[in-house]
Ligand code: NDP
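Presented below, as structure tokens, is a lone chain in the form predicted on its own.
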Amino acid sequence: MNGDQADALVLFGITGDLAKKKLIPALYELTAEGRLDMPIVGTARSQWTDERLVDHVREVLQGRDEAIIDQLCSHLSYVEGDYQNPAVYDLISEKLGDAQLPVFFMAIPPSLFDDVATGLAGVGFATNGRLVVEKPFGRDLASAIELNEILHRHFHEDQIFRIDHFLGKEPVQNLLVFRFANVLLEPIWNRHHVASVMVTMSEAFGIEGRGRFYDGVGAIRDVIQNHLLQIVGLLAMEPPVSSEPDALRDEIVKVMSAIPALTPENVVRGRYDGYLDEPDVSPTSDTETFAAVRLEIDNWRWAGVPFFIRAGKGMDETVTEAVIELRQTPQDLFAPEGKPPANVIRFRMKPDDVISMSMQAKVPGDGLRAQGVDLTVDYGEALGGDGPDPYERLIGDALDGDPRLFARQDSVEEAWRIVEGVLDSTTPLHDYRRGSSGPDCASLLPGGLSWPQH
């Protein structure tokens, strides 16, 4: 069934915030590309009608091409009802007509997955339908396994598309292409030449009124267990044996399974000043807004190389990047006053998409003295444009039956296994000033951590 083109799309939770901000704009772009000539059914508990949904879509897309909006709206219909009511699924089936391979996007809380999966199976959609499931995929290993069992009661693994919008970002996909389309990297991409790997997601803003959600999650659950471990997987994986989707996902699972579970000694947690005063945050909260972890990959390529991950809110800048620091030269021939900085390869994914290599070059004048220079490529500037929005890309992939950028259950469980020992941690919370670089990880993590300058 993977690789077959879908012929209908159903969006559970169409009246919600995710649909308004991400899904409806993605539907517009897919319509503009000629990829959504099919029934599109929105469903939710709100007492809407087909006309109310069309008005909502027009409001969300105000200012865009009216002809494309008209085309999108011509395919829309709405089903209202309680997801526990079997009649809702009869109505959905009626709206879909003779569709044979529908995609069901579940922009709803995981607590409703069982009701929806059972309801869809009851009207025969478990045979050919695809489920697109939004993260979080559980909140720990046990709940992730339980969630998987719920979905598998009616749907096979190859029918389940676990969406993590981070993998749909162009700069993240560029990591994969840059690694395996350029032969010059392969000889140095190993423990003999790499001194350390550092992945960071730093955000200058706080929790932005999301206290009710964030206070039950924290930095480790929010971005390290999923987004940032996925980056580690792409950086550390072996070349896939083929271009088949599962060949890529197999290699990511191999990386995850080679990472020992984190222990409290390898994590630093922090909290920005004023977090406890945020709306909907418990005054006794022990939730971290910052976390740095040190992990290793116990395989032939990476044994002994420390991988550092750092994520935090209320930081000095907003940046997402991966930095690969190479080993020092065996002799310092051109730096009589001290060691020169090591060569660094930097993948900047936010706020811009830039790849740079920090090298050493001769300083003009007498003598042979080296100084660092950056060789930089701006991805958007060099190749034109920013590419599709992640949701546009991933909804399109689900319609096409291409699962390569969706998380597979075994990788989800491995990621939870890695962080399980530091969830709900009793490790200290180190306060840090908003607008700073967070707690002093150099003194708190084993082996130290000297974070690269931007």
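All values derive from a computational prediction rather than experimental measurement. Start at 1 with the first residue shown and count on from there.
What comes next is about the form predicted together with this ligand, which does not appear here.
- Checked against this ligand in the predicted complex, the candidates V194, I108, L235, M349 yield a single residue with a heavy atom inside 4.5 Å, and that residue is I108.
- Residue contact with this ligand in the predicted complex: C73 places no heavy atom within 4.5 Å of it.
- The closest non-hydrogen atom of Y83 lies within 4.5 Å of this ligand in the predicted complex.
- This ligand in the predicted complex comes within 4.5 Å of a heavy atom belonging to G13.
- Shown alone here, K135 lies within 4.5 Å of this ligand in the predicted complex, counting heavy atoms only.
- Of the stretches 42-50, 415-423, 399-407, 61-69, only 42-50 has residues with a heavy atom within 4.5 Å of this ligand in the predicted complex.
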